[in-house]
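Presented below, as structure tokens, is a lone chain in the form predicted alone.
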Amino acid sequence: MLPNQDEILAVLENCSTEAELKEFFVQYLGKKWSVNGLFKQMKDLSPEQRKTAGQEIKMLHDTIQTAFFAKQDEIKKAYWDEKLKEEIVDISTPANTLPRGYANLQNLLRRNVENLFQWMWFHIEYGKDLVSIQENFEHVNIPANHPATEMHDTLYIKDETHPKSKVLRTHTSAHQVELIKKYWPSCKFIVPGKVYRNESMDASHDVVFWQVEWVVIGKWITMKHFKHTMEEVLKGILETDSIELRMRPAYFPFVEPGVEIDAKAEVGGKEKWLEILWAGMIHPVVLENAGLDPKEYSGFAFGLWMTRMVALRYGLGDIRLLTNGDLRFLHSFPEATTI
């Protein structure tokens, strides 16, 4: 005879805690539940009776199990409702403000430079930090015996085949020939990025600094185009017309003629002239290396020391402040939070 279903459900209804539910489950729904004895009695029944009895026992089990899960959800909900009354959480209360990230001032200037040149329809290229000796020196008309190729200036990377096969680029000019070939014959592009020098660190020098190079090539490009572009770009980068600049002749193997452009700034508490820009008309050898005829095409190139431009723009007396990881320094520049 089947147990009374209503009596079992009444026992379940009286359960009010998880412990009581667990006890109910063991007694009525577990492996040793009380109805199991009914299956043992089925061996004395005929096949037809066993079929009917089995269906009735299964229906009883399913009904109790469904009621059990409903009761379990009810008890859990009551538990959490009570918990929420004790531990009130007002979800309308504003959360604590999380600190914002800060952009490095060099990255801010790089973005400004890229925006400025994109507005002038220049291509933006980044190149790679590790370049070949040919890219860094020979392609831009720097002889193998030039002092810049010595260890005191250049950081060489050894490999299995050659002790000096790769270098950390000492200038973004290392990508000039490659990019002229990519965009030739007439082209306008800039290459912002880090460059590396093996030199002593002080208030105006570092072993790693940011540089941006811009190149313009076409027919009938002259020094007049070069000077006008340089002045307009510097005004846009520094957002001022009051900076004091000077232009003086200088030798660079990859330009002819070449100039250095200096700006007056305060460094270490003293006013001094800082070289911020090298520039000049691209050397005919470089144009030939890129596959252009220097009698038909000409162009100019600039190399801007962005790290020093940051120092000028924000009045920094020591460029090492940009890389020492001190957040208090960045906190003093509200524009650095605009990331």
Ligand code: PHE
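The shown structure was predicted, so the numbers you read here are calculated from the model rather than taken from an experiment. In this text, residue numbers run from 1 along the sequence as written.
A second form of this protein, the form predicted in complex with ligand PHE, is not displayed here; the remarks below concern that form.
K.L.:
Would Ser204 count as touching ligand PHE in the predicted complex under a 4.5 Å heavy atom rule?
P.N.:
Heavy-atom contact with ligand PHE at 4.5 Å: absent for Ser204.
K.L.:
Counting only non-hydrogen atoms and a 4.5 angstroms cut-off, does Arg197 reach ligand PHE in the predicted complex?
P.N.:
Contact check for Arg197: yes, within 4.5 Å of ligand PHE in the predicted complex.
K.L.:
With the partner left out here, check for me: in the predicted complex, does some heavy atom of Trp278 sit within 4.5 Å of ligand PHE?
P.N.:
Although ligand PHE is absent here, Trp278 would touch it in the predicted complex, with heavy atoms inside 4.5 Å.
K.L.:
Would you classify Glu135 as touching ligand PHE in the predicted complex, given a 4.5 Å non-hydrogen atom cut-off?
P.N.:
Result no; Glu135 lies far from ligand PHE in the predicted complex.
K.L.:
Which residue among Val255, Val177, Ile217, Leu234 has a heavy atom within 4.5 angstroms of ligand PHE in the predicted complex?
P.N.:
After the contact test, the surviving option is Val255.
K.L.:
Heavy atoms within 4.5 Å of ligand PHE in the predicted complex: which stretch among 73 to 81, 179 to 187, 117 to 125, 247 to 255?
P.N.:
That would be 247 to 255.
K.L.:
Which residues, if any, of 185 to 223 lie within 4.5 Å of ligand PHE in the predicted complex when only heavy atoms count?
P.N.:
Counting only heavy atoms within 4.5 Å of ligand PHE in the predicted complex, the contacting residues of 185 to 223 are Arg197, Gln211, Glu213.
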